[in-house]
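One chain follows as structure tokens, the form predicted on its own.
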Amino acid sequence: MTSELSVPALAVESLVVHFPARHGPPVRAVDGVSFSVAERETLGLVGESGCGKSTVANAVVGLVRPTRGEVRVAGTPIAGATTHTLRAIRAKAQMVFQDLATSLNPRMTVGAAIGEPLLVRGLARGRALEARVAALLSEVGLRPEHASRYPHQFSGGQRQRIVIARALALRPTLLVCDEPVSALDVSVRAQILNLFVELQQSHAMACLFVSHDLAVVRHVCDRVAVMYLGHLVELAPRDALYATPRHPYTRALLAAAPEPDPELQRAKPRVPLQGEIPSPAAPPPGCVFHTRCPMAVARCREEVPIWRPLGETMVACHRAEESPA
């Protein structure tokens, strides 16, 4: 068991990412998000499209520069890091992207793509490099002879395995996955998700798993963080969140998720949400969710809720203790 005093694999503190707009106020993509991911833990980050999930993921690996706040990988802050330190951080934190079409260079063989990180860092060459690439391909369920083929010669599921193999090449301690199975057929998703779980255990990695699919998150994650309009609204252990969601938005997400069993689907509570998500360039005052919340009262429209503990859960809601009507 990981010691409570150990440094988390990832720590995000008061992260703010604003994108300037040509006309008008900046887009507040992420607005004060804080969480941590322990060693060997998988944290799911969920929410509707446009809520800021991918921006958080990109900030974690240094692809987006935070406006304010801090991101630390294994205790080392990304902001202000020297080139040498940043290279070391990026070796520890690798990313698996959603878009398989652009994740691999179509002009490079699979073996060259997987081996490039090792070659660039001078960790392996020649036969040692070939052997390492072959081992990585085998680890993700592909054959060593696939190294000489090109990305277009593989299916979507196979390409995702290749991307995972490349991410594992430098033996990272943190894997950031941005919608890693959303582009795959349903029949292939379970295979890739099971592979994620197996590899995380065998490599002792932590994982930040970004997804809008609550069934997928329930299968692979230890804890779940829920985002809405650039804010975290709830964070809880997986079983606690799915059994007793505290925030009205979390309840709405779970109610909207399809249930394969028709009887269970009919028995699910309905949580109506009115209107559209407000613009991140002009978020509403008070609780950002109050414009769509069925439980909103005057206080919600005026006062920003405090991020506070409620049992095992952290939640930002004035009425989290109350059951929905």
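Because the structure is a prediction, the values reported are computed rather than measured. We number the residues from 1 along the sequence you see.
FYI, the form predicted in complex with a small molecule isn't displayed, but the following is about it.
Visitor: Thinking of 111, 130 and 163 as the candidate spot, does the small molecule come within 4.5 Å of a heavy atom on all of them in the model of the complex?
Guide: Verified in the model of the complex; spot residues all out of contact, no.
Visitor: Is residue 44 close to the small molecule in the model of the complex, meaning a heavy atom pair under 4.5 Å apart or at it?
Guide: Because no heavy atom of residue 44 falls inside 4.5 Å of the small molecule in the model of the complex, the answer is no.
Visitor: Taking 4.5 angstroms as the cut-off for heavy atoms, does residue 283 touch the small molecule in the model of the complex?
Guide: Output for residue 283 is no: heavy atoms all beyond 4.5 Å of the small molecule.
Visitor: Can you work out whether residue 274 and the small molecule are in contact in the model of the complex, taking contact to mean some heavy atom pair no more than 4.5 Å apart?
Guide: Residue-level check for residue 274: no, no contact with the small molecule.
Visitor: Heavy atoms within 4.5 Å of the small molecule in the model of the complex: does residue 19 have any?
Guide: Judged by the heavy-atom cut-off of 4.5 Å, residue 19 is in contact with the small molecule in the model of the complex.
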